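For this one, two forms of the same chain are given in structure tokens, first as structure 1 and then as structure 2.
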Structure 1
């Protein structure tokens, strides 16, 4: 960790300034406004609406995880632990969604509802 990183709070264990967090908050508000606009423009956007909304959601998720969950400034170990949990969650959800759609009768066998 360099002394430059410590002086500005942008190193491992440091934090950004209050103004920087306000900037991130403003960016998140703009992204949210874009999401709301995309929702109301669904007829204009057509099939692009879902990819646009997913992209905006991913951008907001990354900003929140990096800065408000402090993974950007903490030990890289925490980022790897978080990433491992995220990958596991995506794998489990993808597996279950595939199972529900591919295996006929699996939903009825598990839930008891035909």
Structure 2
């Protein structure tokens, strides 16, 4: 990796090389192709389909945030500020999905419809 933390003081403003950005772009395109392939192979993959799709999505998310948004090279404070919102959002999504799709009888209890 030919990246370098070209900091402009205070741990800010680092970036990678143009070639490295192109590499990330190609990896993102390949991961998207794998996602769509997994979607069409759902009968073959069975219960593995969802974990594979989520894993590929998380990988793409991390690549964009770390390298295109420069969190890899920037101050850790930016990462903490971002993670605070992100972790809370993931918790909200996970908690509500657990309540409505996993806990038996929860939907009926809140809607009154069995």
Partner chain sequence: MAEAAAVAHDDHHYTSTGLNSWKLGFWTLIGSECLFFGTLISTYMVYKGQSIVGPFSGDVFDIPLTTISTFVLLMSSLAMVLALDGVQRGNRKLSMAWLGVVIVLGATFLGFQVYEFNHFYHVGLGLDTNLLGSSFYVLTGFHGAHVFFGVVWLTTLFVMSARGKLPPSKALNVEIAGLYWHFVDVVWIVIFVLVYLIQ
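Since this is a predicted model, take the numbers as computed values, not measurements. Residue numbers count along the first chain shown, from 1. What we label the rigid core is the largest C-alpha set whose atoms superpose within 1.5 Å from one form to the other.
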Item to complete: Looking at the two shown chains, say which is the form predicted in complex with its partner chain.
Response: 2
Worksheet item: Taking the rigid core as reference, does the Cα of residue 22 move 2 Å or more between structure 1 and structure 2?
Response: no
Discussion item. Once both forms are fitted on the core, what is the Cα shift for residue 100 between structure 1 and structure 2 in Å?
Written reply: 4.6
